[in-house]
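First, one chain by itself in structure tokens, the form predicted on its own.
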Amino acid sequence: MSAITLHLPILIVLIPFVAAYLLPVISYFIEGWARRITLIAVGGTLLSALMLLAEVAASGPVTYHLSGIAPPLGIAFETDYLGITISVVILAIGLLTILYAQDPITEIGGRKTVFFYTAILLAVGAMQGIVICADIFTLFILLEILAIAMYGLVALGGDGRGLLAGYKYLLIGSAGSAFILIGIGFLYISTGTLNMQLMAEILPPISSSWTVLAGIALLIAGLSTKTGLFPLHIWMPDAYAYAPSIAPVISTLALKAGLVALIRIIYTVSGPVITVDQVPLQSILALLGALAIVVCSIMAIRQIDIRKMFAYSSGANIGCVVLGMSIGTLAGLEGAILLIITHALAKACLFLCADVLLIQAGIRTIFQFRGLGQTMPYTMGAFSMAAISIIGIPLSGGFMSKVYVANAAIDSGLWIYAGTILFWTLLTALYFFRIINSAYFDEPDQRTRPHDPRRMNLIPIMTLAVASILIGFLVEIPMDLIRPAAMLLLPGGGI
């Protein structure tokens, strides 16, 4: 392994953080470079992550000890198949999103642009750390950096509603942070270490201790708040609806990083504990996941605001990810990880389409889509492809993810959950097809003639739309990384 490769795990975390530190300084002397610096930093981080992905695919997980000190005294980053795969997905979508962004972003005004991109860089750096972190307290710090960046991004919304949504997000997120910190304290008292792997080795003999059980319960409750798992998703609709341009996409990626953290806590830290009969953690999470699917889908049908509809749709997808990981089989975990990827691609595309519609024509509600298939053919084409993936129409990325989770439920005798996924597909089709039907079969509004954005804005949107469909046809490519990731996480390698 070369010297550069050896340090790649810390580089993918540090590059965005260093850029976030330098951006305000450079912008003080040179105006108008905030977006360019962000593009260079995220592009450089993506290049480093791809090099690391190649190393992991060739030689297996790469462990990095900060300052050269191994745990339990030092801080470790474990770049395994799960972490590096999600890292590349987050960075690739993040780069496309910044390429799409208007310059300057009219909703926030030129004076706040530097703060806007600084917050994005902080969020990207924190997400990179979260998905590869092997130390539970470092995970907490990175979650807090991510949360502070996201509170700021949401509050930058163009009117008072954005500020109120950011405040609501802050209040609920702070409660989640308190749960996580107290949970870490309980586990540290019980095990004497903050390293996840060492913690997992110490926990089995003391797994019935109430301190351990309370610590794990608080950790999972806190992470459920951060990831928007039902019923702790109430901050999401307003945060998504009133955040400024591209911030909802960054928020979607932040949820994916949080789901990876939840997977690590459940499988790496508490894996031995959840197998005991007195803690039916998997059953509780599976039930919450199924409830999230049904309740959030019904709430999505009732929404008029397109961004709020997407927020509730995301809540249903998070429920299915949690359901898949809670089944506890290789297929279930594979489906959950695949759904994280396919949903990130499709939902990022949908939020960018919603951004275009808002900027080009002031369209915010589902009743304003009449005839847009004629006046904005490329935007609505991308919207329809992403919607097809979210619905789960056969051969799309979303379909393949749902098939994995549904098959895992059937193989485990959990037929009700397989039925829930089928019901979810019908509900999702209901709220997306009413929009697509109006766009392609209603006459356009003659008072306004919106048009597609310029090519530079359209390319990222179309790339995400095509990827959200194509991943279903080429599903074995991501599965080559997802399968070993799931086998490493499951006790006994998923055998």
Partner chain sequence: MNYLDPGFILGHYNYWVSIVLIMIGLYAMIAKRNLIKKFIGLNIIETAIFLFYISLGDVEGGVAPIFPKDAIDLSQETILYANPLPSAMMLTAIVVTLCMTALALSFAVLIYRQYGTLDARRLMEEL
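Every value quoted in this text rests on a predicted model; they were computed, and no experiment measured them. Positions refer to the first chain, counted from 1.
Not on display, but discussed next: the form predicted together with the partner chain.
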Contact test, all of Ala20, Val42 and Ala57, partner the partner chain in the predicted bound form, heavy atom 4.5 Å: no
Which of 122-130, 245-253, 163-171, 287-295 sits within 4.5 Å of the partner chain in the predicted bound form, heavy atom basis: 163-171
4.5 angstroms heavy atom contact with the partner chain in the predicted bound form for Phe186: yes
The partner chain contact at Asp355 in the predicted bound form, heavy atom, 4.5 Å: no
The partner chain contact at Ile202 in the predicted bound form, heavy atom, 4.5 Å: no
The partner chain contact at Asp411 in the predicted bound form, heavy atom, 4.5 Å: no
Answer option from Leu395, Ile148, Ile366, Leu422, heavy atom within 4.5 Å of the partner chain in the predicted bound form: Ile148
Partner-contacting position among Leu181, Ile304, Ile206, Leu99 - heavy atom within 4.5 Å of the partner chain in the predicted bound form: Leu181
